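As a starting point, one isolated chain is supplied in structure tokens, in the form predicted alone.
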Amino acid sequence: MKRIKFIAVILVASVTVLSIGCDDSHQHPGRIYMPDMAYSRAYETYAQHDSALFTVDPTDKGRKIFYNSKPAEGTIKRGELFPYPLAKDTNNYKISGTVKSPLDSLSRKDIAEAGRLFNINCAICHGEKAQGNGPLGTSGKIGAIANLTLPNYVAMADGTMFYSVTYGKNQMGSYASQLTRLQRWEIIKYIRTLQTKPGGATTTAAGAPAAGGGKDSSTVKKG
């Protein structure tokens, strides 16, 4: 009899230990009040969403979850410059020269990066030296490629040049989707280093002597 009681006690103790060891209630706290906030849903770029749950139609917001993959209106990406103040408009183009570049100067590293971006995005038409003789400019397939070293472009204000790069002008399309605002302003600074200034001097890339006996500089000053 004592043996049976002993075995029973051992069995009860074993079951208790096992039940405690296998208890994962701390991992499953039960019903969650707001599961979408507790467990965020990750979205793959260009992934298809369940049309029964999501909608891109603003008029259907109340019945489904509205999600159009666009940033919230009025927000600015971290590290991005403030938006260009002028919308695409003929009159705004005329006054675009009043918009000043937010960049007074560029470091050697920044001007080198701006040159790299220029060669990737601009040199195909405008040429490595911005003289309008890039591969597309000399192919005969696209006409009226601007020679950015001509006096009228040297005299063009930074804000007007930025307007053209942002919205497109004549044969050139907009580069707002390819380049951030900062990159567009930096490329304009780089273009200034390729242009001849009045009197025959040129603005210089960081550390390069200017034509006509200019001195070495660690930055590119505003043109």
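Since we're looking at a predicted model, the values are computed, not measured. Residue numbers here begin at 1 and follow the sequence given.
If you look for the form predicted together with ligand HEC, you will not find it shown, but the lines that follow are about it.
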Contacting member of Val154, Met172, Val56, Leu182, with respect to ligand HEC in the predicted complex [4.5 Å, heavy atom] | Met172
Assert contact residue (ligand HEC, in the predicted complex, non-hydrogen atom within 4.5 Å, options Asn121, Gln131, Asn92, Thr138) equals Asn121
Picking from 83-91, 69-77, 123-131, 103-111, which part of the chain touches ligand HEC in the predicted complex when contact means heavy atoms within 4.5 Å?
-> 123-131
Thr193, heavy atom within 4.5 angstroms of ligand HEC in the predicted complex | no
4.5 angstroms heavy atom contact with ligand HEC in the predicted complex for Ile142 = yes
Would you mind checking 144-164 for residues with a heavy atom within 4.5 Å of ligand HEC in the predicted complex?
-> Ala144, Ile145, Ala146, Leu148, Tyr153, Met156, Thr160, Met161, Ser164
